[in-house]
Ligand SMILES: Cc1cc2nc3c(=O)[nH]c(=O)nc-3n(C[C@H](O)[C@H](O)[C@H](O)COP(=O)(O)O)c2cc1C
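Next up: just one chain, as structure tokens, the form predicted on its own.
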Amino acid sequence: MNRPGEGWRPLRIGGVTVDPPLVLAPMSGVTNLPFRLLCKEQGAGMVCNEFISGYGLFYDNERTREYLVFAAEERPVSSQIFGADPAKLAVAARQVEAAGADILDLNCGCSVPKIVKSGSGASLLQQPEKLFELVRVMVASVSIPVTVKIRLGWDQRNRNAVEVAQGIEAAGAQALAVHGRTATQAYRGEADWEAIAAVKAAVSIPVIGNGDVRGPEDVLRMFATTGCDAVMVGRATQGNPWIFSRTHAWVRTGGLPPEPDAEVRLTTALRHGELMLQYKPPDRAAMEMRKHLAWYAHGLPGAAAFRTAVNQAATWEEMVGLVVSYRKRLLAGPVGSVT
């Protein structure tokens, strides 16, 4: 077990080592290359890109291919795809491997209506045999490890995570991530970590726990409660890549570092934007940075007014001016209410 002062037990998925066993969750519109690089710098043992349409890859969609851009500095990196057609996912899987991903992951947890209506994502939890077939096809199509991310089931009356996990293992997957809610819950209610523990006890492949991990304390509680092999962190990383470095330092030294101050947060926000400009056209980079800037400022004095100003800015240059001005005001003294 990973405890403060005791160090980590690395996770191994096939020939891939995840050290420390902290994983950045795939999040649509968030975990692009710039954000993955920041999280890797802060100590994430593995990062995952935002999920990709297997059909988009099969039909060689130019916008879809943009997601398959990886950097040496972020490794190991997992690439998650979704879809329900075995032949098309086989082609998509080979494209992911050719692009240089270290691990190929199948999404079986997304409950967004358009994904579910296509028979993909969490809808596969209602069709376990089809899910297992997809895993077998993907495993046979690539030489890199194949993993799967699931939820506890479709709804509370159909919680079949243990049976699904066993079938996924039998189909050849080398690891499994489990979010402790059902598909119909989305992110409502509390994640059931005991159910994750039941999955861990039922399979021999590594299990990565996910759900309601909001800070370093939750990371260690997840390990202790579930016995999982790694912890996946999602929404808590938004505007807060330091969750990885703070947790890592706590386990390594026994002392939990303080949360980053306004100077660190806003300086990182500026660097995040500059990284974004390296990989995206200026207009798209600016648009995507709006939400990130709001996350970096969350909880700081005057954050609401700052967020409003950012949303009205048209270019990254305007946003830089707002961040610099806001940072100066914060360092000079009180700036209104905390929002």
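Quick caveat: nothing in here was measured; it's all calculated off a predicted structure. Start at 1 with the first residue shown and count on from there.
The form predicted in complex with the ligand exists for this protein as well; it is not shown, and the discussion that follows is about that form.
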{"query": "The ligand: the contacting residue among Asn107, Gln95, Thr268, Gln174 in the predicted bound form [heavy atom, 4.5 Å]", "finding": "Asn107"}
{"query": "In the predicted bound form, the one of Lys130, Arg235, Arg252, Arg75 near the ligand [non-hydrogen atom within 4.5 angstroms]", "finding": "Arg235"}
{"query": "Partner-facing stretch of 39-47, 23-31, 298-306, 277-285, counted where any non-hydrogen atom is within 4.5 angstroms of the ligand in the predicted bound form", "finding": "23-31"}
{"query": "Contact check for Gln80, His179 and Gly211 against the ligand in the predicted bound form, heavy atom at 4.5 Å", "finding": "yes"}
{"query": "The ligand contact at Phe51 in the predicted bound form, heavy atom, 4.5 Å", "finding": "yes"}
